[in-house]
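Single chain ahead, written as structure tokens, the form predicted on its own.
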């Protein structure tokens, strides 16, 4: 909670003003029953109209102070909690953007989305309600008890005896509810993940006629969330009835005691009014604990992300061959730390040369790309770029060398120009050069507005091949030193794919190229081809060498291109 509450500090002035205003409004509210008691017992028997009107004016004044103070304080609390939540969301989003891939895998993307949305909302509610009721309720409780003592000590002692029982009940219920709300938030993560999967794979779901299956799967997840939340709410719902029961029993005791110990109607009237104030204050405090329970659980989840150290350690390590654009030396790696996903991977790629990587799904092709760009650190061995160990190069300096298209890449709901440029300040000439090389110029010219054509969300108004060509254009636009295409031409026809490879060789001759593909035709002209199998290199060489030496590669080539080829 300390890190979360620290976000209030920049708004300390408004917070203090809100608390002071709320304090004054609450005190003014407490004065009203005391003045009313004085009018009933002291002024009405005297039939002093002037004094009664004067005291009525005083009551009106305090009523207006209470009204104005509470309204102003509520506005200030809304401003502070809103600004604070804005800052938390900004820092949480920024932290998420800089997290290491392993950290994202650990927290999971659906959980990060849930923490950025629902958890920050519950923190907002916690701060806003606490600033409103957190000041007012204790003041009304303590002030109400104090004025009760001023009116009648004996009756006040009867009321005071009830308060510890209410406090104990609230404490026990709150202590049990906080862990329950942690489970609620985890169930919320599962629902976000399921919904995210269904939205992403909606076409596959429809194709396989699995709409009912997915609907039932989502219903199971939603029911689990509802059940978990019901258990937490059921526990917290005991607070108000239990508090009301105890206080009402106290009220009965006060009325019985008042019948024997006090005969003044003004005292009884004032006392009952203060009792109502105390009752509402206790209910307010119990509601605060309900909100605090959920807010504390959410704050804990937010802070667990903010506390992650996203800094990538940069250390001096022995250099490799500076004549190589990319070099892997006996690299091994494991995602889970138990079994290797890559083992004994070694190869060298010179500047301007091209590397093709081919193999079955799950063989480790994309893992090589992840290690090359240092999204993960190797478990053993070393990865070098331009002769430097990637662990000794700052992330910004390393990744600016690359132009990359991943398997599951994204396009923004923005213009074609903005998607290719991606806030790098590129000129139209650079954008058109990249688009032409990526075989995207022809279809861009056919769009209404050309580069200014606006894409729909996830580029839903483009075909799969058009999306891939735009993504390739984005990767090429800044003239990178190393071009990485991770299965990025799977939606292109063979003719377009061939034109793309020829243009890459011609226009980006000085750039090293790493091409991950399922097609032999996409990698056959590469200077070096790796055949991956279960995280190991089962074949390495040129197309001709692998046809002779690697049975797996030869089988793939014969299946795709024919024996004669």
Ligand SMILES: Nc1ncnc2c1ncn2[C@@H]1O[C@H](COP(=O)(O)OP(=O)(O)OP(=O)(O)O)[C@@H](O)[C@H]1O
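Positions refer to the first chain, counted from 1. Keep in mind that this is a model prediction, so the values were computed, not measured.
One more form of this protein should be noted, the form predicted in complex with this ligand, which is absent from this view; the next part is about it.
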Subject >> Listed residue (415, 187, 130, 366) with a non-hydrogen atom within 4.5 angstroms of this ligand in the predicted complex >> reply: 366
**OP:** Identify, from the list 341, 124, 269, 233, the residue with a heavy atom within 4.5 Å of this ligand in the predicted complex.
**Re:** 341
**OP:** Mark residue 406 yes when one of its heavy atoms lies within 4.5 Å of a heavy atom of this ligand in the predicted complex, and no otherwise.
**Re:** no
**OP:** Determine whether any heavy atom of residue 362 comes within 4.5 Å of a heavy atom of this ligand in the predicted complex, and answer yes or no.
**Re:** yes
Original post:
Any chance residue 330 has a heavy atom within 4.5 Å of this ligand in the predicted complex?
Top reply: no
**OP:** Flag residue 375 as yes or no: does it have a non-hydrogen atom within 4.5 angstroms of any non-hydrogen atom of this ligand in the predicted complex?
**Re:** no
**OP:** Considering this ligand in the predicted complex, find the one stretch among 68-76, 441-449, 353-361, 161-169 with heavy atoms no farther than 4.5 Å from it.
**Re:** 353-361
**OP:** Can you tell me which bits of 484-520 touch this ligand in the predicted complex, meaning any heavy atom within 4.5 Å?
**Re:** 518
